[in-house]
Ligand code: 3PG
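Presented as structure tokens, the chain that follows is alone, the form predicted on its own.
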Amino acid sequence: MTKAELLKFFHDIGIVPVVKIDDAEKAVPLAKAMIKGGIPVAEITFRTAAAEEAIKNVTRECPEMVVGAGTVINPEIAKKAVAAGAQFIVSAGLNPETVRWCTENNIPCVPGVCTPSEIELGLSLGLDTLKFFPAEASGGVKMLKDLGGPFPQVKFMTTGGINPANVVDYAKTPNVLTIGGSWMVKADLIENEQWDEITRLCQEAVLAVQGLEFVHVGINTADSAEAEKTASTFALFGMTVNNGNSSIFMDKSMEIMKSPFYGTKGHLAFRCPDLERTAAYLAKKGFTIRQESVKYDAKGRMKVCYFNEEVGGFAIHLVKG
């Protein structure tokens, strides 16, 4: 996997679990539980003596798992990790010698930073993807937004203090490429071999980073006359009528189409911060984009799309927000 492919993979999956493991024999069942939960990637940290063997075991037994090494504080550990099968390197800080070794050996490297000076050093070493660590202690989402001003070209892997309560806030932050976390692979869950619980937590994490919110329901009608009659009826329930060219909005929760549109009955609209990520997530569930429906913003990112598949007679509609 090339660096570009790896970074797209990070983006699309949205989360990279940080794994601290004490028993390398448990690495394979852990990996299988994570894959089952929809997260085929792990950053196995060199915080324990089992890390190297754990990486070897997973790369051998679970080839579909993308395995990286974390807490890589010098080139020697990087060499050991790559020899074991690690496909990417992550560190808490920025060691120029480690970065140079990774660059020379074509190994994707994401060193940690938390200040503008460290970001500038990373840029000088040819990096535009960096780890923001420790995220919460370093100012969290607000700091990331502030850093986006002087460093619009930099994307961050955020790690440190992120949990189910704040993960959506990070997912909605434009300069966050992917989110690192350990709540779905806690050491005690691994130690007690709670594989089903790890799978469940991984599934919840994958859904959480989509940041999906229901926006409105669209109802198809035959023509403008039927649409206006339908709107008048809903107005009896206290809904405000907002008449547009192609549809009538009732408050902001219902859209009455003036002619048949996507979906047998209509559409269900969901807001999400990153349409490309959510489209990749839904693709794994069997949804395919209706290409003629896609609209892009000024930066070339999707801002609107519909899917070919229907749910209960309704098309699924994503809007950026």
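Just so it is clear, the structure is predicted and the values come from calculations on it, not from any experiment. In case it trips you up, residue 1 is the first one in the sequence shown, and so on.
Another form exists, predicted in complex with the ligand; not displayed. Remarks below refer to it.
K.L.:
Tell me, please, which stretch of 178 to 186, 137 to 145, 195 to 203, 247 to 255 lies within 4.5 angstroms of the ligand in the model of the complex when heavy atoms are compared?
P.N.:
Single hit among the candidates: 178 to 186.
K.L.:
Under a 4.5 angstroms heavy atom criterion, identify the one residue in 265, 47, 36, 56 near the ligand in the model of the complex.
P.N.:
Looking at the other structure, the residue within range turns out to be 47.
K.L.:
I need to confirm a contact call. Of 75, 164, 174, 161, which residue comes within 4.5 Å of the ligand in the model of the complex, counting heavy atoms only?
P.N.:
By the 4.5 Å heavy-atom cutoff, the listed residue in contact is 161.
K.L.:
Is residue 101 close enough to the ligand in the model of the complex to count, meaning some heavy atom within 4.5 Å?
P.N.:
No, residue 101 is distant from the partner.
K.L.:
Closest heavy atom of residue 24 to the ligand in the model of the complex, within 4.5 Å or not?
P.N.:
No, residue 24 sits far enough from the ligand in the model of the complex that none of its heavy atoms falls within 4.5 Å.
K.L.:
Evaluate residue 305 for contact with the ligand in the model of the complex, applying a 4.5 angstroms cut-off between non-hydrogen atoms, and reply yes or no.
P.N.:
Looking in the model of the complex, residue contacts with the ligand do not include residue 305, since no heavy atom lies within 4.5 Å.
K.L.:
Since only the chain is shown here, I'm wondering whether residue 15 would be in contact with the ligand in the model of the complex (any heavy atom pair within 4.5 Å).
P.N.:
Judged by the heavy-atom cut-off of 4.5 Å, residue 15 is well away from the ligand in the model of the complex.
K.L.:
With the partner left out here, which residues of 114 to 152 have a non-hydrogen atom within 4.5 Å of the ligand in the model of the complex?
P.N.:
Read in sequence order, the residues that approach the ligand (within 4.5 Å, in the model of the complex) are 131, 133.
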